[in-house]
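Presented as structure tokens, the chain that follows is alone, the form predicted alone.
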Amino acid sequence: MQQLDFNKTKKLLDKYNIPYPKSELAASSDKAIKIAKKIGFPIAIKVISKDIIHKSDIGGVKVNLNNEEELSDAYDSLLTSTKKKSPKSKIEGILIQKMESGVEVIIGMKRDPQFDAVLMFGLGGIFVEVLKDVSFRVAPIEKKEAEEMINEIKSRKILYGIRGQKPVKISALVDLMVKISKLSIENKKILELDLNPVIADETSAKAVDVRMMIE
């Protein structure tokens, strides 16, 4: 398997109307600053390379950058770290992305020899890594099945608002899951797909980081 490159991934997201934060690829620190001014601080930056599966493991992600100076320093630091820890990786560019805040969710898909596309839903962070609090369905799914997946996880109350937090827009999550189901069914060459994280709040659900693996 290999990772689908950034431009082809972005085209698929646009084709299926999958929401993601304002973002643009930069090839230099100066270009990064121009993009950041256009989309507005705070921002996050990420190294883009189909040779790099887990960006954060090599220092390829910097978040909560609030001004030009922080961005410039983070850009140089990210490139240095990436070239040191993954010297053979071909870098497509540095993604300049609007920071989003909300509840972190993961939506995934893996091809199974027997069932074909199997979808996964869960809360991000510790809920996936430690508690394994996730639900599954065989694609295709419609809104009803997506709602069932959301309500099957033990930590679902977080999505509906606890301790003064506003509830997330459940319908936006449902819509996103149905779109990923359709994408998975119609693109058989995609063997694995991860939207991790999806940031959900009271108005939207956006795919902040996307990884697609192909044959």
Partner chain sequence: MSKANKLDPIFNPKGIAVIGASRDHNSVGYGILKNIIKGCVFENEYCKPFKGRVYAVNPNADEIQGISCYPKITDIKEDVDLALIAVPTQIVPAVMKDCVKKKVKAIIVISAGFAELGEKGKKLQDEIKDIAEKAKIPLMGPNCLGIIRSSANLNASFAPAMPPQGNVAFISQSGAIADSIIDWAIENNYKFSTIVSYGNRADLDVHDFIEYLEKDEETKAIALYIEGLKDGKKFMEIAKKVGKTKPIVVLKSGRTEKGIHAISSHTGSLAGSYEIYKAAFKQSNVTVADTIEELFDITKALAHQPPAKTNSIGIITNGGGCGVLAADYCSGIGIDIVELKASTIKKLDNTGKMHPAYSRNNPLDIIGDALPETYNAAIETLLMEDYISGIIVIQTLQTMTNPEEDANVTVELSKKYPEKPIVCVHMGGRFSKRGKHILETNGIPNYDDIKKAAIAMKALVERGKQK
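Positions refer to the first chain, counted from 1. Keep in mind that what you see is a predicted model, and the values were worked out from it rather than measured.
What comes next is about the form predicted together with the partner chain, which does not appear here.
Asks: Could you work out which of L71, I141, I94, V103 is the residue within 4.5 angstroms of the partner chain in the predicted bound form, going by heavy atoms?
Replies: The residue in contact is I141.
Asks: To verify the annotation, which of these, K37, H54, K166, K157, has a non-hydrogen atom within 4.5 Å of the partner chain in the predicted bound form?
Replies: It is H54.
Asks: Tell me the stretch among 18-26, 5-13, 189-197, 202-210 that has any heavy atom within 4.5 angstroms of the partner chain in the predicted bound form.
Replies: Stretch 189-197 is the one.
Asks: Give a yes or no for K98: in the predicted bound form, does one of its heavy atoms lie within 4.5 Å of a heavy atom belonging to the partner chain?
Replies: Heavy-atom contact with the partner chain at 4.5 Å: absent for K98.
Asks: I'd like to know whether E152 contacts the partner chain in the predicted bound form, with contact meaning heavy atoms within 4.5 angstroms.
Replies: The answer is yes: E152 has a heavy atom within 4.5 Å of the partner chain.
Asks: Against the partner chain in the predicted bound form, would D112 count as a contact residue? Criterion: heavy atoms within 4.5 Å.
Replies: Within the cut-off, so yes.
Asks: K132 versus the partner chain, in the predicted bound form: is there a non-hydrogen atom within 4.5 Å?
Replies: Flag for K132 set to yes.
Asks: Using heavy atoms only and a 4.5 Å cut-off, decide whether all three of V118, V128 and E145 touch the partner chain in the predicted bound form.
Replies: Result yes, every residue of the spot touches the partner chain.
Asks: Of 1-15, which residues get within 4.5 Å of the partner chain in the predicted bound form if you count heavy atoms?
Replies: Going through 1-15 in order - heavy atoms within 4.5 Å of the partner chain in the predicted bound form - there is one hit, M1.
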